[in-house]
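Given next, in structure tokens, is a single chain: the form predicted on its own.
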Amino acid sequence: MLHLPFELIDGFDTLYRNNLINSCSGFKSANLIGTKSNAGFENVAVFSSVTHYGSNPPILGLVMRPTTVARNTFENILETGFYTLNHIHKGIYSEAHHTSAKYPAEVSEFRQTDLNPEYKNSFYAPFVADCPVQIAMKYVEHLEIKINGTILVLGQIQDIFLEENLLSTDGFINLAAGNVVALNGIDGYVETKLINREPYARPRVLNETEN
């Protein structure tokens, strides 16, 4: 098995190291975050850092890069308090990836791609049309990660919109049935397939001969 010690990793060029570290953690969610500034400028950007932080209240977190340059998504979230989380599916992943390009705040990525904004229930921020799962989020707080200046943004789910066939009777959302993709590293989009759902794990009772 190949061994890559820290000293070697630390000496790699930036692109190689970024690809290595971003892919070694495993498959990640592929989401589009929709926001709108107080001035009315729409923004949509791809993120691979959305994580569940609790179900009651329902909290999701996402990680922002350091604010050493303009971060339109983060600025809009702080300014308005609202944003949307939209799952990327197989049919839009290429256009979704293009939202990672750096556009000025007044230039909407919706206009630069084939993605379309969609508004629901008078929610301030735009959803991304045609996404199988769309979630309305309200900003709660953010925390700075001191070691590298990244920012953890925590938000509370306000509404969930999803294709009806994805929802199981026990509340499980089958993302694979919606052709939702995942990310391997920074730019590797992968298809998903549900293998099985395992029952709730309880401690196994050992036979006396195994004690």
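Predicted model, so just to flag it, every value in this text is computed and none were measured. Sequential numbering from 1, following the sequence displayed.
In what follows, reference is made to the form predicted together with another copy of the chain, a form of this protein that is not presented.
A residue is said to contact a partner when one of its heavy atoms sits within 4.5 Å of a partner heavy atom; Tyr119 fails this definition for another copy of the chain in the predicted complex, lying far away. Proximity of Asn31 to another copy of the chain in the predicted complex falls within the 4.5 Å heavy atom cutoff. Taking the partner from elsewhere, Ile77 is found to have every heavy atom lying beyond 4.5 Å of another copy of the chain in the predicted complex. By the criterion of a heavy atom within 4.5 Å, Arg71 is excluded from the residues contacting another copy of the chain in the predicted complex. Residues from 1-21 that approach another copy of the chain in the predicted complex with a non-hydrogen atom closer than or equal to 4.5 Å are Met1, Leu2, His3, Leu4, Pro5, Phe6, Ile9, Asp10, Leu15, Tyr16, Arg17, Asn18, Asn19, Leu20, Ile21, in the order they occur in the chain.
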